[in-house]
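One chain is shown next in C-alpha cells, namely the form predicted alone.
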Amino acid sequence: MRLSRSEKWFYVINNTLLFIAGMSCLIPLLNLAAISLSEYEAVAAGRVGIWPVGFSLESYKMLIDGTPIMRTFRNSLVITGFGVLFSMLFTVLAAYPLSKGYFYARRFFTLGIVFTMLFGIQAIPAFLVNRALGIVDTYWALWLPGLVSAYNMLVLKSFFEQIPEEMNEAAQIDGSSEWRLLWQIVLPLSLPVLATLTLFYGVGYWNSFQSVLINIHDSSKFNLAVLVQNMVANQSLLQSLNNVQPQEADQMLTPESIRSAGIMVMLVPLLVVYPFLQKYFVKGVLIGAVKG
C-alpha cells in the first residue's frame, strides 16, 4: 500500500517519539545494571554509563550477606503469589455472573461496582477497617482491601460477554452445569485477558509499598519494595555492611552500587515474567475493553 506524504510524516514522527520514550526508560535501567556490576573505583569516580566498567558481583554478594534481601524477596513472592491467586479467583467469580443477561441483579451490582471507581481505596480508611477486623500486621491486610479491582473486573466482564452465547447454550444442552461451563469452556477461551489481568495484579502486589508500611509493623514481614526504599532513603544499609566486613566494605562498595543492585533484584523478576505474558497483553486489553 502506497502511503501519502502526510502518512509518511506521521509514521516518522510517531516512530521517533516512541524511540525517544523507549530510550528514556531503557537507559536508566541499563545505567542501574552497569553501576551494580562495575568495580568500586569506576562507580566512585562516576565513570559508569550504560555498560559496566570492569566487572564485579561484589555488590550482589554483599547485598545477600549483609541485608535481609532474601527474606524480603521470599515475602514479596508470598504477597504476590497468593495475592494474584485470590484476586483472580474473586475477579472471575464477580465478572462471570455479571456477564450473563439472565442474572436479575446484573445492572444493580454493575452500577454499584462502577460507583466505587469514583473514590478508590484510601490508605487510612483501609487501615482502620483492617484494624477493626484484627488483620493488621498480617498479609490479609494487603490482600483483602484490593481483592477485586473494579477496572479489571469490568474488562473481564466485557470479555466474557463477547463469547458466543450459542456455545454456552450447546454446553447446557449437553448437561453442563454453570461451574463446568465456566472452568472448562469460558476460562480456556479467555486466556489472553486472564494473562493480562494476572500481570496487572502481579505488578501491583510486587510493587506494593505504602500499604505495607501502613499495615505491616513487623519488619521481618516487609517486602522488597520497602527494603529498596530504605536503601535509597538512608545510609543504614552501608553501615550494616560495614559491620559485616569492616575491612573491605568501604574499599570495594559504594552506596550507589548497593542501591542499584537492590533495585535490579526487584526489577528482574518482572522483566523475566513480562515477555511470557506480552503476547497476550495487547489482545487481552483491547478485546476486553471493547464492549460488543
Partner chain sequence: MKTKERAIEGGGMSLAGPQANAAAVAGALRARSRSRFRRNVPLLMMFAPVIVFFIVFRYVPMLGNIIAFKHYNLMQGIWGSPWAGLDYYRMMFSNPQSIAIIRNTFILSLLKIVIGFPFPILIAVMLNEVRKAWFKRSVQTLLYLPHFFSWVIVGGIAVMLFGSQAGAVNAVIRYFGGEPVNFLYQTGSWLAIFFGSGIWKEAGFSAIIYLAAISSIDPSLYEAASIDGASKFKQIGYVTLPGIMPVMTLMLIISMGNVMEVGFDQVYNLQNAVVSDVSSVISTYIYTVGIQGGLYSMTTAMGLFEAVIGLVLVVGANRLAKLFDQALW
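What you see is a predicted model, and the numbers here were worked out from it, not measured in a lab. Definition used throughout: the rigid core is the maximal C-alpha set that superposes within 1.5 Å between two forms. Numbering follows the first chain given and starts at 1.
Not on display, but discussed next: the form predicted in complex with the partner chain.
Position in contact with the partner chain when the complex is considered in the predicted complex, options F82, F127, Y139, F73, heavy atoms within 4.5 Å: After the contact test, the surviving option is F127.
Proximity of E256 to the partner chain in the predicted complex, heavy atoms at 4.5 Å: Because a heavy atom of E256 falls inside 4.5 Å of the partner chain in the predicted complex, the answer is yes.
Please run the contact check for F86 against the partner chain in the predicted complex: heavy atoms, 4.5 angstroms, yes or no? Looking in the predicted complex, residue contacts with the partner chain do not include F86, since no heavy atom lies within 4.5 Å.
4.5 angstroms heavy atom contact with the partner chain in the predicted complex for L267: Flag for L267 set to yes.
Classify G112 as contacting or not contacting the partner chain in the predicted complex by the rule of any non-hydrogen atom within 4.5 angstroms, answering yes or no. Yes, G112 lies within 4.5 Å of the partner chain in the predicted complex.
In the predicted complex, does every one of S158, P192 and S220 come within 4.5 Å of the partner chain, counting any heavy atom? Zero of three within 4.5 Å in the predicted complex.
What residues, if any, in 29-57 have a non-hydrogen atom within 4.5 angstroms of the partner chain in the predicted complex? Going through 29-57 in order - heavy atoms within 4.5 Å of the partner chain in the predicted complex - the hits are L29, N31, L32, I35, V43, G46.
Any chance the CA of L271 moves 2 angstroms or more between the shown form and the other one, core superposed? It does not, since the L271 C-alpha is displaced less than 2 Å between the shown form and the other one after the core fit.
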